[in-house]
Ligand code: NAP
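Below you will find one chain, with nothing else, as structure tokens; this is the form predicted on its own, and questions on how it binds or moves follow later.
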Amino acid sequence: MAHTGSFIDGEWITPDSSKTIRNINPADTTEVIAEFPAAGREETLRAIEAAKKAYSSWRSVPAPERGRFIARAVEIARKRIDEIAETITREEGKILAEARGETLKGINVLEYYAGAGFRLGGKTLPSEVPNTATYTIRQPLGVAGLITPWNFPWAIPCWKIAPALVAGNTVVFKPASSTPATATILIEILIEAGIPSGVLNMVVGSGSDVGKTIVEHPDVPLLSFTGSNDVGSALYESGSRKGAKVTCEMGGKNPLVALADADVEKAAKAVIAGAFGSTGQRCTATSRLIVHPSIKEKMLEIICEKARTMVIGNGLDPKTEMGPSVDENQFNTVLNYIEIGKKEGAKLLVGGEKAVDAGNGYFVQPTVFDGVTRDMRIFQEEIFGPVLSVVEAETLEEAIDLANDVKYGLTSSIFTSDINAAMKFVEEVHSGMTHVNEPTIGGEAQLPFGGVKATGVGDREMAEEGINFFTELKTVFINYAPTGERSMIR
């Protein structure tokens, strides 16, 4: 890392703190990527004050020009793709190919929002009053508090920071404490692109210090959070009390349904990509396979064989197919859920243990449970690891019922050659996003991202919806009646 600590009011600072951020490579716990003092309440207050002071001048910059700052960031980021990807792999653990994919996804998002300044418009609508023009405009709100997770330390900050800035808000950004190096590169890029002092601030510290201060501060009217349900629910409640505009994306327990007429090999490959890709550490990961009994054995043969032979290790090695859990806590959480699955009576087909031959890191074997029932915790709860739960469904209706029988609703998938079955699933599945004949994972900059039920509250992210969240509508009435002429009273 070229810089450590936090970035406040145009300067990199080192907090005067006894608390330490220790950034460790989860694939090799002997490698300390960075170590520096954690920021706390004092630094967070300074960042909010700096953002507040910079707001009036930043909002006065025309929206297309604000977009040009992001466009310059796109070009700078393209020159640092390899560096960004390697940093993601070293501090988060995902394999280099996945890290590069995340890097490109974030750049795509920046590119999309670079042009959004030209599209930041309202509507012209007819008035029922003579000689009156009516229309709406979108305006920024002030300081945006952005809190992001460790599992996509580049892409998620990109899709929060870019629309917030293009909309005309200033930003106080809290990245996950376990992935500060990637966040630092993003800040460096935006600084080089010319973002003025105070407009963009990053505070690296704990949720209990930095996050709590951002959420509760009266001068932060916008809060965007991605993370766990427990934290997100509390944040939403706290933000609502002060009247903030809040959006939270919080989790998933995503099903892939394979009907009797599914392309078995294609469906199995989709499950493998969704369940074990990124070590299962995606909110869009495939954690449940709902499969017709007639094709289950063949599908599981393909999935389990891949799970047994998957190369686990340091993501910087090009032969590696799956990296580690992000840290010791997540590693222990996954192993604990595997034990829960065993005790609940699910049948362990493959995996289920620490991958002892993978190296000095937090490696868990890809794990598959069969005979799972809807009342089991491994069916209902998000594990955030490479653990797949398999359950049978005889009919489409039963499959939809099983798919919907969890508190989450982020994404889903169905494999079938029957267009009628596919459309029925699309209409009836309870998820914010759904796929037909492709994995549960994936998203695009121009398409809304988010879910229903316990997965999310507030506006969707990315696309037009992503920038609309960072604005408020103003309705304008202009009466141009000749002098002395009275308009009809509303």
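Residue indices: 1-based, along the sequence shown. In this text the structure is predicted, and so the values were computed from the model without any measurement.
What comes next is about the form predicted together with the ligand, which is not displayed.
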* Structure fact -> Students should find that, of A355, V334, A176, V390, the residue having a non-hydrogen atom no more than 4.5 angstroms from the ligand in the predicted bound form is A176
* To do: Identify, from the list V368, I156, V364, V172, the residue with a heavy atom within 4.5 Å of the ligand in the predicted bound form.
  => I156
* Asked: Contact between G313 and the ligand in the predicted bound form at 4.5 Å, heavy atoms?
  -> no
* Proximity of F276 to the ligand in the predicted bound form, heavy atoms at 4.5 Å -> no
* Asked: With the cut-off set at 4.5 Å between non-hydrogen atoms, does V231 touch the ligand in the predicted bound form?
  -> yes
* Do S208 and the ligand share at least one heavy atom pair within 4.5 Å in the predicted bound form? -> yes
* Structure fact -> Only one of 220 to 228, 185 to 193, 416 to 424, 393 to 401 has residues with a heavy atom within 4.5 Å of the ligand in the predicted bound form, and that stretch is 220 to 228
* **Interface residues of 368 to 384 toward the ligand, as seen in the predicted bound form [heavy atoms, 4.5 Å]** => E382, F384
